[in-house]
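Quick heads-up: it's one chain on its own, the form predicted alone, in structure tokens.
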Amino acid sequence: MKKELDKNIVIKVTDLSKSFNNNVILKNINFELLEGESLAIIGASGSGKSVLLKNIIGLLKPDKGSIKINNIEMVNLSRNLKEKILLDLGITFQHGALFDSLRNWENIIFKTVNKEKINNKQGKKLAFSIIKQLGLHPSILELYPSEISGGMQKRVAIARAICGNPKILLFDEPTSGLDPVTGSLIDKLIKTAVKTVGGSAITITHDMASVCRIADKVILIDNQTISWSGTPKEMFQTANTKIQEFIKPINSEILFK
């Protein structure tokens, strides 16, 4: 316990609530992400997981509550300061959100080139080194997102997220739509990215096998709030009926052997 207490809190969400047209999506959300920790957020479709992520990065503004990244309050922060902080985060969205007008290598280094002012030759070399880890062929670098498959687009988006070794990684459904082999590859990459740079990660996912592989801690969003939290192993010991529904198809003996 003392080891955890000694770790820095990199993201702290306090009493966050969000509604749309009087429809409550999130209510009194509280959690912390510690340095070096990998957190998985699970919940049914439409439970507000992606809305939570968009609040954290400032695409949405909470109705009330606090969001601190590295002890800096993000709610009501000026746009310029917010963008500066977000340069140190690696983010993927559920549907990739690649820039159609940029080639894939330009998409991958987009944030890094703005932060570190690298030239095209350096950028292509950097993009190439990352896609090798994701099982992509170098030929896709000169193509545009519309010229590659949806699964490849997702991996390019992940390459963009981890480019520059950001200390905080935020993934929205990184393995959805991918085959099990590629999904496992992505999980290993997330774990490696966290361990290599001493970073932290939040992953929103429906893939419970992925949760068991990558997460140190899990939180369940249900009925607009966090209804359960614990470790992946504790998921298989809890009597929480919602957790039981999620883990029912999972063979814990294989995952934790």
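Start at 1 with the first residue shown and count on from there. Here the structure is a predicted model, which is why all the values come from computation and not from measurement.
This protein has a second form, the form predicted in complex with a small molecule, left out of what is shown; the following refers to that one.
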- Note on the structure: For the small molecule in the predicted bound form, the stretch among 47-55, 225-233, 209-217, 186-194 with residues bearing a heavy atom within 4.5 Å is 47-55
- Message: My question is simply whether Ile243 lines the interface with the small molecule in the predicted bound form - judged by any non-hydrogen atom within 4.5 Å.
- Response: no
- So in the predicted bound form, does Gln122 come within 4.5 Å of the small molecule, heavy atom to heavy atom? no
- Please run the contact check for Gln133 against the small molecule in the predicted bound form: heavy atoms, 4.5 angstroms, yes or no? no
- Item | Asn165, heavy atom within 4.5 angstroms of the small molecule in the predicted bound form | no
- The one residue among Ile247, Ile25, Val10, Val13 placing a heavy atom within 4.5 Å of the small molecule in the predicted bound form is Ile25
